[in-house]
Every structure is written in structure tokens, then in C-alpha cells.
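Read the single chain below, which is given as C-alpha cells and is the form predicted on its own.
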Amino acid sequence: MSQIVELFRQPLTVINVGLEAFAESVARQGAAVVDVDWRPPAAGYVDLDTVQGADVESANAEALRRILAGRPLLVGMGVAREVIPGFHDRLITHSGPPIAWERMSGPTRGAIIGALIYEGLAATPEEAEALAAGGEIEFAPCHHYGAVGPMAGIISPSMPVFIVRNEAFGALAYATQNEGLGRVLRYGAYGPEVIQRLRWMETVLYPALQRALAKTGPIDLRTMVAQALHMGDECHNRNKAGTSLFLRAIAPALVETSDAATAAAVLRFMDGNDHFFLNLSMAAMKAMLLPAENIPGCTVVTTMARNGTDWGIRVSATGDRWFTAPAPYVQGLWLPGYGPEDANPDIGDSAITETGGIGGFALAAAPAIVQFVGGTPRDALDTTLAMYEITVGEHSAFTIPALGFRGTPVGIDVRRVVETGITPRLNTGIAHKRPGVGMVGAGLVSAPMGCFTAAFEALREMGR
């Protein structure tokens, strides 16, 4: 009995497995606690070593090799219908997996309304809605055309796009010019000021940048992203450094190829838009991920995108097939006058940044971003560390100073997501649920597990 009494007099050390809140409760009582971050595997998980006779580890290693070897260069610009293969005058592409007009979210509908007015296919929002619902316009994911678009992600035929070429593999990716924040098309706004800005971007910004790029020659975006990570960006929601680096690269040629008034207007626009580099970082990641598609036996995610209704992923071994689940709501900070009741579920192709190993996966490189999306610097560090648990490797080009220049986690492995219960984490903007309103906040979100369990089951079927 005395031994038992003596045992209970010893200092208590608790090992907590599971919910972090339990560990926090113990710590508040003054006891020492070790928190073990563990979750049970998702239902149906089994070890998956081969898919269609191919060794998964070897296939994933090849995907990682291709991703790391990628060299995305900004090689020029053009009009969507003229430079994106297969694009036509009655096509509008959107973010995320395929979706029909009837199921589209408010911001996606609002952006399509604005695009139809911008294209001159409708004179009023009512005409645009009728046209969109009437079956005369084809809607398709940007990803089906090698393109990416933030938030609603709309690309219409007349919109200028950046052209990014992966020099190592020849893959081409496309993205529009970034409008800035607030009431902009990509957040679902479509008022006169939105259309006016788009027309200025088409008639002034695009020609000026096109002339400048013709003079500079290809611009190395991989190097620019790597530098931006060392300067406090994560290249999804924080692009201050990336935009500044792009300005430095393009400004001399811009001044030399445009008149003074045009050059000044373009430089002011980019200087006032810290997110200008976002579309370039997205196209760079898309170009780097394209060569990793369609590798037999590969369980690496090559596409991750949201359309405001569904969250979808595509996996290398399963090709163009989408696996979807309902898009979750973003937890974050709100612009004045808005709150959770105004929010649309998560939306945008910008998850291509996380898929490529930056964005939320590089959050530890950008602790200042938490002021914009909520959380703490420790949360930023923990997010990056957790992503190492679900990826097949570390990026040799993209490194994080705060982690001793460790490479960012890259190559989301469907198997590891299902085994650990950890899903990819993003930091992102929040659009209003109604068409025409625009941006209402920004925050953090985790991918729904349903996409990954569906993909894992499909891989299991292929492995039998």
C-alpha cells in the first residue's frame, strides 16, 4: 500500500494521443504533458504498394523527380482564344472541377456574368444570366486547358494571359493578369468599375507588358519564387516580395518600350497590387506539375482546386478523373461589415500553389501572413511541419530559412493523407456568397477528406 501511495505522490507526466484540446486542458492544471499528433487512418485504409502492376514508390519518386526538375519561365503573353489550344469564342473557363451553371456558387456566377458583359455578349446582368443558363456557352475547368485562375478563376476569350513554359519538359501553362483585391471579377463582382478595369488591363496593361517581355526575354519564375520565400512570401496570399521582384525585372524594359505616361500607369498599378505575382506563381506551379501527370502507379496529387461548390483533386495514375467533396468554409478574418454568414465556401485554382509545395505548405516562411488570415506564427510553423507528413519529398529549389533552409514539403501522396488523417492546409481569400459583391475576408482552410478517400479507393481498384 505504501508503494502505491508513494507512486501517486510523484510528479505526473501525461502523454496525450489525439485531440490537442485535451493536452491544453492538462497543461492548464500545471501538469507536464507530451502531445502526440496522431489520428487513426481513414476507414478502408490498407497498405498500397502497387497500382496496375506498377510499384508505387518508384512511380512517386519519378513524379517528384519531374516536379523538382521543372524550370518555369515566363515567355510571353497573348489573348486566350489565340494562344490557349482549343479555346474558342463561346468558352468560359472557371476554377475547380467541372460544374454546370445550375450548381455554380454565387461568386462563380457573378464572375461569369461579368465576363459575358466584358466580352460584349450581354449588355446587362439579366441578359448575361439568361445566356449562361441557356446552354449557348460552354463552361469548363481552367485545368482542362493547362490554365489556372484565382478564386472564380474565369478566363474568357478576349482576356490576355501570361504564357509560362516549363523549359525542362516543354509543358505550357496559362494565367490571366491579377486585378487586385476587393470588388474584382475573380471574387464575383461585375459592376461598371470591374468591367472598366478589365478593359484597361486589356488595352493598356497587356500591350505594355507584352512589349516589355519581348525585350527582356524569358523570366525565370522558379528563381523568383525561391527568392520570394526567403523574403517573407509564401506565394499564395502573401506576394509582396514576388511582386517587387517582378517589378524590378520588368521595369527597365517597360520604361524603354512604352511612353512615359503608360509606363507610369502600369508601374503604379502593379505597385498598388501586392497580389500581382499570384497569377504568375500559380502558372509556374501548374507548369511544374504538368509533367507529373499520367505516371502509372503514381499516387501523387497533380491538381487540387475548388469551384465554390466542390473541392476536387486529380491524381497522377488516374489521369483526368476528378475526385470531389463539398467545399468547406474558410475560417478567417473579415473585412469591415462582413462575417461568416456572408461567406461562400472555399473557391479557386490557387490551391495549385500548395500542390506545388508553396502557399500554405510554405507558411513557415511567411509568419507575417497570419496578420492577414488569422492564427499565430506558431500556427504557420505547425502547418508546414504537418505537411511533411503527407508528401513524398522536399523541394530542392524552394527552401524555408526558419527551418534551416529545409525544402518545402512537396508531392501530396493520397496514401499518406488517408493513413494519417491529415489533409492539405491552405491559406486563401473569402468571397461573398452572393454574385456581384466581391471579397469579404481571408483565412485558413483544410481540404475535405472525402476527395482523398475516393481517390484512394479508385487506386485500390486499379491495384487489384
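Source: prediction; values computed, not measured. Just count from 1 along the sequence shown to find any residue number.
One more form of this protein, predicted in complex with a further copy of the same chain, exists but is not displayed; see below.
Relative to a further copy of the same chain in the predicted complex, residues A241, S244 and M270 are all within 4.5 Å by at least one heavy atom. You can rule out all but one of 282-290, 251-259, 173-181, 90-98: in the predicted complex, only 251-259 has residues with a heavy atom within 4.5 Å of a further copy of the same chain.
In terms of contact with a further copy of the same chain in the predicted complex, the residue from A214, A133, A123, A264 that brings a heavy atom within 4.5 Å is A264.
Shown without its partner, this chain lists P157, G232, G76, P296 as candidates; in the predicted complex, only G232 has a non-hydrogen atom within 4.5 angstroms of a further copy of the same chain. Q331 falls outside the set of residues with a heavy atom inside 4.5 Å of a further copy of the same chain in the predicted complex. Taking the partner from the other structure, a further copy of the same chain in the predicted complex has a heavy atom within 4.5 Å of a heavy atom of Q227. Although the partner is absent from this view, I137 stays clear of a further copy of the same chain in the predicted complex, with no non-hydrogen atom inside 4.5 angstroms.
Taking the partner from the other structure, a further copy of the same chain in the predicted complex has no heavy atom within 4.5 Å of any heavy atom of G146. Applying a 4.5 Å heavy atom cutoff to a further copy of the same chain in the predicted complex picks out P401, A402, G404, F405 from 396-426, in order along the sequence.
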